[in-house]
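Shown below, as structure tokens, is a lone chain in the form predicted alone; questions about how it binds or moves come after it.
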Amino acid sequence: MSGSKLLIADDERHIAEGLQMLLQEDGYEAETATDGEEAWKKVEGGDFGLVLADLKMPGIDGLELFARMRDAGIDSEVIFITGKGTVADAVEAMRRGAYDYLEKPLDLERLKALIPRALEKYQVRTANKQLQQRLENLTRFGDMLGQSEEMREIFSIIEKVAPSTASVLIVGESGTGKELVARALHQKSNRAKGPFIALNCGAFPREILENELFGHEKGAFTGAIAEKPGAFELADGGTLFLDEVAEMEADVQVKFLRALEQRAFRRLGGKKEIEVDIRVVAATNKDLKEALKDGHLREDLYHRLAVIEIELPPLRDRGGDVLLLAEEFLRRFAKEHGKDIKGFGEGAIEYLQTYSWPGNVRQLRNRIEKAVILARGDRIEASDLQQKTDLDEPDVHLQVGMSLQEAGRVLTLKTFAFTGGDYKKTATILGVDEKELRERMLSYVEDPVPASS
């Protein structure tokens, strides 16, 4: 079994080898080390569930060995072997996380009783850590978080596409995390050690955008008192991410396309061609068909950028990801702002699940941070999350094919969330009496109807 090996580290060889023989007779796989340095090398390279270490060894003593193990994230259990003069040190080591200690001469019966318990503790902790890692792998991908089918598909595409050099076009509503996808593509590529340069094409007027892209030579225009490299040059050896690429003026798109195809360009006012090795990832929140039809995005540029096209789903279509993200943001901001907040109240949960989140993950993130800052209790309530503009939202998102029972559930829960969990107000808005509303809400808990995402 992994982690069932033992290491015996003692500078008295006869003690180390005697214990080894004894433990092997009991069925354990045991190795020895006769000084701290040898013990450290073995611990670094082996999978030991338990280390029996003498506190006093030449070079690296038992305490330093233990400290090195913990600093390196090696969490084998440690039982110290100590003489009468070092009992205090052994007790201090237990305070820092060592499993136990034994005084010389060794009580072998006590040792035999301690070993299986120590190994069991190690194996339980290791299993929990592996489970936690598996759960995180199911929900985390770089800086992105999601367990919905839609996001798992996105994660899978990124894994497949990242190692290539193909240009990628990411399409999605504002706030869906397009830059996070671009960064994941960069981090999982062989360019990860190179620069990641992000440029928002919609943030600059035409003249400035061209300068930001290609840079300029000294004297290229009034005020150009020194040369300046642009994004293309700065991204050499790495990834250039261009957000809102459809906001680029048509003539700049032409120059950009040429630079993209040739991987070479001239600075403004320059004569020399500068060659670069970059991967371009672009993004837009526009409807591509409309953008192409209206001429906001040149068709030749589109085809050059969209060798791979990734379409990010809006948050409203990501099912249970809303609560997953909300809980992550709550933990993050509660820690950041020093607030002791334990979770979300019932009304807040209903609000999170039924609001359409037109601003997507960015809006959810901002709303949770604001709620954490303003919260007066130890839980976030619906009133902490709501804004007046939410009530102006005219539609409830129902899908064709949804049953009347499902539609009624969505409408009831959304209204309940908007009233901050007020049964009386909700009943008035829905035109039912409060008793009927409470029975409905109880039925949703006892026999939930799955809401369509």
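What you are looking at is a predicted structure, and each value in this text was computed from that prediction instead of being measured. When you see a residue number, it is the position in the sequence shown, counting from 1.
The protein also exists as the form predicted in complex with a small molecule; that form is not presented, and the subsequent description refers to it.
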property	result
Exercise: Val276 in contact with the small molecule in the model of the complex, heavy atom 4.5 Å	no
Leu145: touches the small molecule in the model of the complex, heavy atom cutoff 4.5 angstroms	yes
Exercise: Ala259 in contact with the small molecule in the model of the complex, heavy atom 4.5 Å	no
Residue contact check: His186 to the small molecule in the model of the complex, 4.5 Å heavy atom	no
In the model of the complex, segment of 216 to 224, 91 to 99, 166 to 174, 113 to 121 with a heavy atom within 4.5 Å of the small molecule	166 to 174
Interface residue in the model of the complex among Phe329, Phe344, Tyr355, Phe265, criterion: non-hydrogen atom within 4.5 angstroms of the small molecule	Phe329
Proximity to the small molecule in the model of the complex, single hit among Arg298, Arg304, Arg365, Lys104 (heavy atom within 4.5 Å)	Arg365
Complete contact of Asp35, Lys42 and Val87 with the small molecule in the model of the complex (any heavy atom, 4.5 Å)	no
